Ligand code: DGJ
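Next up: a single chain in structure tokens, the form predicted on its own.
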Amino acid sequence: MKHLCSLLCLLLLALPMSGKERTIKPGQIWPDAAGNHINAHGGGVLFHKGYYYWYGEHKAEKTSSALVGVTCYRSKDLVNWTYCGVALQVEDQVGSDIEKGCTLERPKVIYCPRTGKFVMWFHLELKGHGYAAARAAVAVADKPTGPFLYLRSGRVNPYCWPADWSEADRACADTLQAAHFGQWWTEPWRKAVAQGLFVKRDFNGGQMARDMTLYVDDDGRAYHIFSSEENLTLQVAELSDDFTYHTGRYWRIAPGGQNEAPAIFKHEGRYWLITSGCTGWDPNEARLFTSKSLLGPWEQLPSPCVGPNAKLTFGGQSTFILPVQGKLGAFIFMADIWRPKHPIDARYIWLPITFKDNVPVVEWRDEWVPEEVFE
């Protein structure tokens, strides 16, 4: 009997801990430790001192407007997440940039070793103004869970031309007038967009900034990557040493290509960028870009998605690429399945990225175990 009890104890120890999940099930309800569906949409993940921190938009039952703010969850294994509360709270004050009811999207957080601060950037639209503001907003905190202190918002890099433009490029753009191109989608208009039609239009007030992500390169420089120029062109803007300002240096990706939802990573010396087209809340086919330099030039390749519904990115839209800590070359593609009629029920697509002929592949899996995929 004594030996039998010892054997049973060993078997129990070998079993997974009670209440702990091992699998990620893309597109299904993803409960946190309290059993509630995780509410962190359009988000990103930061790894800090042994924990992953997942930040995202809190979605309500019937509106995508921000009624709560940015939520934060914490995990050690990428599967089981504990709710840590509201990292950035919207404000009740009328006229505040982040007044309750504003549009607050795609929050991303990075850690600045120079200041010891956690820095959050997000896309902000002012309450009652639709998507006209097209602002980037920044907040800081002393702890990864917050509370984050809101600093400011605005358009990006006013009075600055793209850093890689020649004097001839600047002179050409300076001649362009939006009033001369009232009809969009014509060949002359497309050419003017590529030459900087909207860069010139927004030169004084600053460049538009909507869907976005953040990236810290190997040398410690941080970059803000966002959809700009009426969602026609992506821009890569360098951040200051404390990560809370733009330096005035920026570069353009795929001018006129209509890309949003940027998600970026680096593998074996090459940068990879996954984006989506611009079809509102409806899914479309993911795009893949690559470059040997973050600043370009970028080459477009076919969609990395493979499997059922791959032509529509499995029904979702990219939001972030998560590097798995301690696993060289291991990355997770993060996307959201938007449900605008019931925003709180939006779902998450997390899938491992593999490589075929040194090109990223995102293949659909009904469920998968990170500790097995990334062993």
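Since this is a predicted model, take the numbers as computed values, not measurements. One-based numbering along the sequence shown.
What comes next is about the form predicted in complex with this ligand, which does not appear here.
Taking the partner from the other structure, this ligand in the predicted complex has a heavy atom within 4.5 Å of a heavy atom of D211. At the 4.5 Å threshold, heavy atoms of G220 stay clear of this ligand in the predicted complex, well away from it.
Among heavy atoms of Y159, none comes within 4.5 Å of this ligand in the predicted complex. Among residues of the shown chain, Q317 is one whose heavy atoms approach this ligand to within 4.5 Å in the predicted complex.
With the partner removed from view, the residue among G205, G182, G128, G280 that has a non-hydrogen atom within 4.5 Å of this ligand in the predicted complex turns out to be G280. Of the listed positions (E229, E260, D97, E238), a single one reaches within 4.5 angstroms of this ligand by any non-hydrogen atom in the predicted complex, namely E260. Heavy atoms within 4.5 Å of this ligand in the predicted complex belong, among the stretches 98 to 106, 80 to 88, 301 to 309, 248 to 256, to residues of 98 to 106.
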